[in-house]
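Take a look at this single chain, the form predicted on its own, given in structure tokens.
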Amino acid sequence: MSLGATKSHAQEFAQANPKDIALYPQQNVCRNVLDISGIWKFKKDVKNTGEAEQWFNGLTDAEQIAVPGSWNDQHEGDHNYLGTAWYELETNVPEAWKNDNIYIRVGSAVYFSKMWINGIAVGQHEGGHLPFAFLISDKIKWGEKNRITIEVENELKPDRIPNGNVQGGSFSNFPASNYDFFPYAGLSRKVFLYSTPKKAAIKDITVQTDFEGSTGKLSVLVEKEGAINKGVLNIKGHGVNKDVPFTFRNHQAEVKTDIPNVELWSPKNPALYEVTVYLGSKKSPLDVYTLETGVRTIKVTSTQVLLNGEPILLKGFGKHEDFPIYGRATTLPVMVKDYSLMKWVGANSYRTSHYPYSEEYYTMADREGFLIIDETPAVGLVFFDGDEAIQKRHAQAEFALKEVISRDKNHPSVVAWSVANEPSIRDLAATFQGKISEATQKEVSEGRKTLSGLMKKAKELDPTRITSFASVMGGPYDWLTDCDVIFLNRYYGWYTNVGYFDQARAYLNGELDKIYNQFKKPILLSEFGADAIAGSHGTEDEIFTEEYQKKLINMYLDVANSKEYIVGMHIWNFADFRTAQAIMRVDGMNLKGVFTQNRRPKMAAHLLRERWFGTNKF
């Protein structure tokens, strides 16, 4: 299906290509990078007339706005604005780049965006939380400033991922998202200009690793463009400095090499090697690109996840990119703090709920030894609103999957792809009661086709990692069939059986055993927890107190300790986060964090530190 088809006022907008975001912009002897983030012009287009009025030829009466940064909390009165808005920046392009190919790369524009350079249409992209890039060499003006214009709109529509304004959906929010986090809008990650050599350039690098005994096995697929037929691969690190010449065939070269006395990558020893590709000779390359990789394997048995052939337990969290004023913007000090706090409690992993995070998170995870479940933005999928909407969401989910795998495939920290979070049928109670109507059965069949199709596509694109999705309470078990590891979001004791801990434990115990006995696959509890107002305390089991949250999390961990097939426990959530307004969301916040939004620990955080540095399995 065509993605992002909108009125274009006779202008031609190229579609973004996932291949163009495979390599993060890098400054080296052959490439240049210019970070053009900062203060941009900003103007809301409430009547959606900007294109017809040609705002791409220059914004008037504009405000100032920070990029990166969600627009919702930068100006008063814009918090719930999700319509169309325009960004503009004027900048020179260095004269030294004149003979190179020049690209612009936007880290994230939520949700649908179009771009112009000097009033000339460049391209468009649908879907937030992932970058897109376009070649703009022929649109550059040399010796003068160039006007960059980006139109962004974040309307909540049923046929998008994540979706909104879903009639009959699970949420009743304002704004009307069909998911439980705030729909922040705008340019939330960095914007770069960068150059690559015009004669020949590296287009993509795919690294896959294995080992036999003490020997590491490296397979590197190099894709290039331009007139060059040879190159050199260099592996460096941990006593190794090895060159491997190679030749191209049909713009590709597959290079296989060994690493003697290999240092395997793991949370306890996040050993990284530099992999550098040179086009032409190493001494005088036409292009060069360096990435870090770790040699490691990830495999699954009926009861275990094996990292480098050894069982590993995933202890950690679901998270969000969320912080006051910044919204969903890249905030590097907060990122560093989050990794420090996760180490403090003894965590070794997290899920990028419910969208891919900025690239810096993955690079830091590689270096710090964290395991990542990398999730696409396919949140809250439904299957009851007609074939056209279902197919549109499926197409967008598959496109986003291609983007996230293209971008993140070389990170040793990424051990799993989660293709969706909490896809749902309209009557979730039906699966518990065994009352599956004909209409519900059609939803189940459509959901199975979509989810199995996405997991199959993930395996085609990357057969080396775990594939799964996070299943909602009441979700059809049939959907779990093709998961490598079963991810379950479960809230016994909170959304059901609230206060009745014995009942909640019994239901959790029973369902876990039932699912395992049916599928004989390892299970990771990808969400569980309870809201707690920081500083609220009680002597009884009172909901919203820190004691209640602590007791519920402790119960879940005890249950997990008794099950040999439980391979991971990811608490919902790492830190309190902003969501849409609803009666069940005090102050528009989800308060299930074991840390507050400003990263102060609740009682549950101290419980985790005690347990995860102790002798328990979890």
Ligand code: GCB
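Keep in mind it's a predicted model, so treat the numbers as computed, not measured. The first residue of the shown sequence is 1; numbering continues from there.
The protein also exists as the form predicted in complex with this ligand; that form is not presented, and the subsequent description refers to it.
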property: Of F42, W572, Y556, F56, the one that lies within 4.5 Å of this ligand in the predicted bound form (heavy atoms); result: W572
property: This ligand: the contacting residue among E546, E151, D180, D338 in the predicted bound form [heavy atom, 4.5 Å]; result: D180
property: Non-hydrogen atom contact Y491 with this ligand in the predicted bound form at 4.5 angstroms; result: yes
property: Any non-hydrogen atom of H354 within 4.5 angstroms of this ligand in the predicted bound form; result: yes
property: Partner proximity in the predicted bound form: Y565 to this ligand, non-hydrogen atom cutoff 4.5 Å; result: no
property: 4.5 angstroms heavy atom contact with this ligand in the predicted bound form for R585; result: yes
property: This ligand in the predicted bound form: contacting segment from 417-425, 154-162, 355-363, 133-141, heavy atom within 4.5 Å; result: 417-425
property: Stretch 518-553 - residues with a heavy atom within 4.5 Å of this ligand in the predicted bound form; result: E527
